[in-house]
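Below you will find one chain, with nothing else, as structure tokens; this is the form predicted alone, and questions on how it binds or moves follow later.
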């Protein structure tokens, strides 16, 4: 008996495809169009081919911002991933304390990005901020507005405070999904806590860790609002990342052609590095 296939259900998905096309594909095609033209006004445009791409790739601002961006994203991953795993391992699994810890961990994620920057801007001030005032009273010369290292550390600590909760919650969900029979077998074999973590918990968390690494890399590589509110990219260009450089080019200088080429290069860098992360982690799973 032949099975009757009814594809009418695809009509239910059509609104989603139209929404994605309107919100993602059409703006992307507009950016591609701008990246190959020299635009003077709405009616005066000249096709320039790949000239803007060549100019952007030779632009020292891109090189400097890209270096700062990679260093920042690497520091974020090296701190937040182990810290999130450690927090998830110490969180209770049952009772009221488990619910309380989940609520507390979710609070930083609910704060808007511009509010996070404002909080740390006030918190780090040497005259009225608790952090800045305390550090200066302890004899440490701290001023994120004029000292490059202080600005870097403040932006990094701010990001760790804001987003480590995401990694911890993802790892916590991965730990809670591990069947209890694995722990029972470990107790029978008298396995140490390190052995349980190394051979049971960590392998079972690999899928959520992949999600955590991907999300935190992409988000940290596109960071804009928090450092812009906190330091404005300063002192000098010390905390000027790729997104801020792109904004200055597109909005401040109104160079739409170079800015469009810059944004596409930016997008391809994120796509390439994310693909490398995904390939490396999934390949290690297959070799186990």
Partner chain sequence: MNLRKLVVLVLYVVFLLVPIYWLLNMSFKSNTEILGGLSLWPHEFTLRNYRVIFTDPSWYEGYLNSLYYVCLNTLISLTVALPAAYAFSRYRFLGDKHLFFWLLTNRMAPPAVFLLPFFQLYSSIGLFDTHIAVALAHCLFNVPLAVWILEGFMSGVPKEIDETAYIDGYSFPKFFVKIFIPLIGSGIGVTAFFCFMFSWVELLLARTLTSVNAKPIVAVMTRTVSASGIDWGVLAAAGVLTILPGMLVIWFVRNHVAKGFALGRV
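None of these values were measured; they are calculated from a predicted model. The term rigid core refers to the maximal set of C-alpha atoms that superpose within 1.5 Å between the two forms. Numbering follows the first chain given and starts at 1.
Not on display, but discussed next: the form predicted together with its partner chain.
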| item | value |
| --- | --- |
| Partner-facing stretch of 179 to 187, 95 to 103, 145 to 153, 70 to 78, counted where any non-hydrogen atom is within 4.5 angstroms of its partner chain in the model of the complex | 95 to 103 |
| 4.5 Å heavy atom contact, residue 203 and its partner chain in the model of the complex | no |
| Its partner chain contact at residue 87 in the model of the complex, heavy atom, 4.5 Å | yes |
| Partner proximity in the model of the complex: residue 30 to its partner chain, non-hydrogen atom cutoff 4.5 Å | yes |
| Residue 136: touches its partner chain in the model of the complex, heavy atom cutoff 4.5 angstroms | no |
| Non-hydrogen atom within 4.5 Å of its partner chain in the model of the complex for each of 55, 240 and 280 | no |
| Contact set, 19 to 34 vs its partner chain in the model of the complex - heavy atom within 4.5 angstroms | 19, 20, 21, 22, 23, 24, 25, 26, 27, 28, 30, 31, 34 |
| Core-aligned CA displacement of residue 276 at least 2 Å between the shown form and the other one | yes |
